[in-house]
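One chain follows as structure tokens, the form predicted on its own.
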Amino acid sequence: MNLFRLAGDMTHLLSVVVLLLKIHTIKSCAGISLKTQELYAIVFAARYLDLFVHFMSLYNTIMKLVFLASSFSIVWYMRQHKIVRRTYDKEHDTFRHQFILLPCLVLALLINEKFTFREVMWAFSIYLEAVAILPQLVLLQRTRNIDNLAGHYVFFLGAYRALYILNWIYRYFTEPHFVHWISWIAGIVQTLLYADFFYYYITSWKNNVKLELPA
């Protein structure tokens, strides 16, 4: 644990809190991609298969449970809640997310740290997380109607991965033999996908205008 990882975890948690706040308080999921939320639910389910067989720390276990519970709760709200589901923008959330599942799985089967079921699923979750935000970014570009909470959610989600890159750099120089190419490359790809959004988010914040993405 170091400052960069803690900041990354808290930023990730903050993104979830912002999204749940939007859903619970406003009873709306407008501007939120169900496709992205489903992908994140799969990411956490695949990554945390070791939840009950490998104990690292209480902090680690709690964070795993929080992200699992929150991701599936969000999907449930968007699909089943009688009020929230009416605000879901199905017309614009049309990214075919199923077509990125198979390539990520194939890549995990080919490139992994160890060819076991759990390690392949871990690699799969890393590759999938790198591109899971794509349906959300496409939805925001299509609607161009981004409320503050939706914008903050995406920003914090991207900032979490950027902070994790700083965590990896710190650990590389402070821990012997710290090399995790799969996480590093996937994390860089994931952060780059947010670059355009970061630019418009920061610009809108500096100019105190509503956030809009180019079509």
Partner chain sequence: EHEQYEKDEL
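Residue numbers count along the first chain shown, from 1. These numbers were taken from a predicted model, which means no experiment stands behind them.
Beyond what is shown, the protein has a form predicted in complex with its partner chain; the following relates to that form.
With the partner omitted here, the stretch from 22 to 30, 169 to 177, 148 to 156, 186 to 194 that lies within 4.5 Å of its partner chain by heavy atoms in the model of the complex is 169 to 177. In the model of the complex, at least one heavy atom of residue 60 sits within 4.5 Å of its partner chain. Looking at residue 86, you'd find every heavy atom of it more than 4.5 angstroms from its partner chain in the model of the complex.
Contact check for residue 124: every heavy atom lies farther than 4.5 Å from its partner chain in the model of the complex. Shown alone here, residue 47 lies within 4.5 Å of its partner chain in the model of the complex, counting heavy atoms only.
Three-residue candidate spot 35, 82 and 91; no residue lies within 4.5 angstroms of its partner chain in the model of the complex by any non-hydrogen atom.
Along 97 to 116, residues 113, 114 each place a heavy atom within 4.5 Å of its partner chain in the model of the complex.
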